[in-house]
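Single chain ahead, by itself, as structure tokens, in the form predicted on its own.
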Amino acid sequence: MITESISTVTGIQSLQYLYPLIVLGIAGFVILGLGLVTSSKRAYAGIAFGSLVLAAILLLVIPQNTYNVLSDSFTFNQFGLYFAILFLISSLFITLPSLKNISAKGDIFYALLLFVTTGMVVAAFTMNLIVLFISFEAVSIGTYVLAAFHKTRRTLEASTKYFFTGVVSTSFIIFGLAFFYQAMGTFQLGPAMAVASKPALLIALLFLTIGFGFKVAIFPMHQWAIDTYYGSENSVSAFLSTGSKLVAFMIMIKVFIIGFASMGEDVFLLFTLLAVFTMTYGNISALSTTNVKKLFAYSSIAQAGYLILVFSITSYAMWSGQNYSFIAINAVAAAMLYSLVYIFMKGGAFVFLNTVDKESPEFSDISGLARKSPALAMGLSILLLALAGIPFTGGFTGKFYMFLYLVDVKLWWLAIIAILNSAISVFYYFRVIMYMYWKPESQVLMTRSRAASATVLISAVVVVVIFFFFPLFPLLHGYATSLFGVTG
């Protein structure tokens, strides 16, 4: 039996929930102040790294039950805790590898990274649409600037395209929130929300889907992502394709699964169509490129298609009158698992590019890598196999649970389409592996970036460990339950 279990925390007790945000904010300002007296990028990176680790520790010691804080502006629960930790990991991912290419204004870069992460954590711990919007825009504005770092014509072009696309998506989100309020009479997300105006809610659904669709790079709102991921500095591309994308995806989970639970048929038809086109476009496009960075960008589009299958599962369960609570919790848990694996698969792949002495390498530039650097070639190969969903990697586990619940709700045809798309991806991932192991050595030098190499190898180890860590999904099932403001 599922029962509500939410407590409210007021006064001085609420401060303990804000400590991680305070740490990240203070560290950001310390870095800015330090920039006035020293230009040591290593000092900036060290402070940023340490503050991110400390924030993660503080989050882990917060009481694990569901608590409302500051007049319900913040809702601290296990679902939010999980994603907050993922966002901290995505920032940690690029803190040290960024030292390679961020040659100027390192203080601004690392301070911005911390401020953006603060916005991400705030978004993780709120069910209020106004707070979600403000925190999400704080993340977006910071990433516009991060995308311009490295100061080349290509990065500036990427940042400009990203900025103008972001302005358009923000407009759609604002209008969507206005119609949502008209329909529901509240900005607070929660169980058993009453619908006052269904036509307004349908308009809100369309506007919010377009707005957040740009941020997650869902087809056909995806083209900016190809240009921006390709044009940005490699570490920034890793961050944009993982942390920045996942914060939008997490918000979509809250908005479309909780806020639009009463519109199962409409949500199902819309997101199923988007998922099929997104995964198919990303995979088919990746087959024709010979540029490693563009391949990773197209692959990121395809991965977004797999992620949004969670909305097809939950909405179909509601529409078809199945056991919605049980299926929704399982589907959200599967999305949480896939999000974890995605950070290491995609983040590690983009960071790998910092080990090549060329900003945007072609396949031929990494040929023979297995003879130059066997460990690095093995690490990248594991990440590519995980992205393809090959067994013995976390990528297989993530796709297995997502596809399993498609079958569980009788969406066999959609599961077959998703599996076929995953099979298509095997061809272009194995093509990269073939170049590393069976082609003559390239004359392009490796930079021997220790931070980047270590990140790739650690990511490879993690995606393998996730496959064998069998208690993980039951744990995430419990975390997903807290999203609905209930305990089982």
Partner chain sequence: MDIFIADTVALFLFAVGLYGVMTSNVGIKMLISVEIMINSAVIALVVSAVNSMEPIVLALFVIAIAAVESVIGVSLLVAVFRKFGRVSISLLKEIRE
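Positions refer to the first chain, counted from 1. Given the structure is predicted, the values throughout are model-derived calculations rather than measurements.
If you look for the form predicted in complex with its partner chain, you will not find it shown, but the lines that follow are about it.
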Report task. Kindly indicate whether N68, F83 and L99 are, all three, within 4.5 angstroms of its partner chain in the model of the complex, using heavy atoms. Result -> no
Report summary line: Picking from T186, S364, Q322, S73, the single residue whose non-hydrogen atoms come within 4.5 angstroms of its partner chain in the model of the complex is T186
**Report entry** Partner-contacting position among Y401, F219, F133, F249 - heavy atom within 4.5 Å of its partner chain in the model of the complex
**Finding:** F133
Query raised in the report: 387 to 395, 311 to 319, 178 to 186, 335 to 343: which one contacts its partner chain in the model of the complex at 4.5 Å, heavy atom to heavy atom?
Result: 178 to 186
**Report entry** Touches its partner chain in the model of the complex: F115 (any heavy atom, 4.5 Å)
**Finding:** no
Query raised in the report: Just to confirm, S285 within 4.5 Å of its partner chain in the model of the complex by heavy atoms?
Result: no
**Report entry** is_contact(F277, its partner chain) in the model of the complex, heavy atom dist at most 4.5 Å
**Finding:** no
Query raised in the report: Using heavy atoms and a 4.5 Å limit, would one call K161 a contact residue for its partner chain in the model of the complex?
Result: yes
Query raised in the report: Taking its partner chain in the model of the complex, which residues of 130 to 147 have any heavy atom within 4.5 Å of it?
Result: I130, F133, I134, E137, I141, Y144, V145
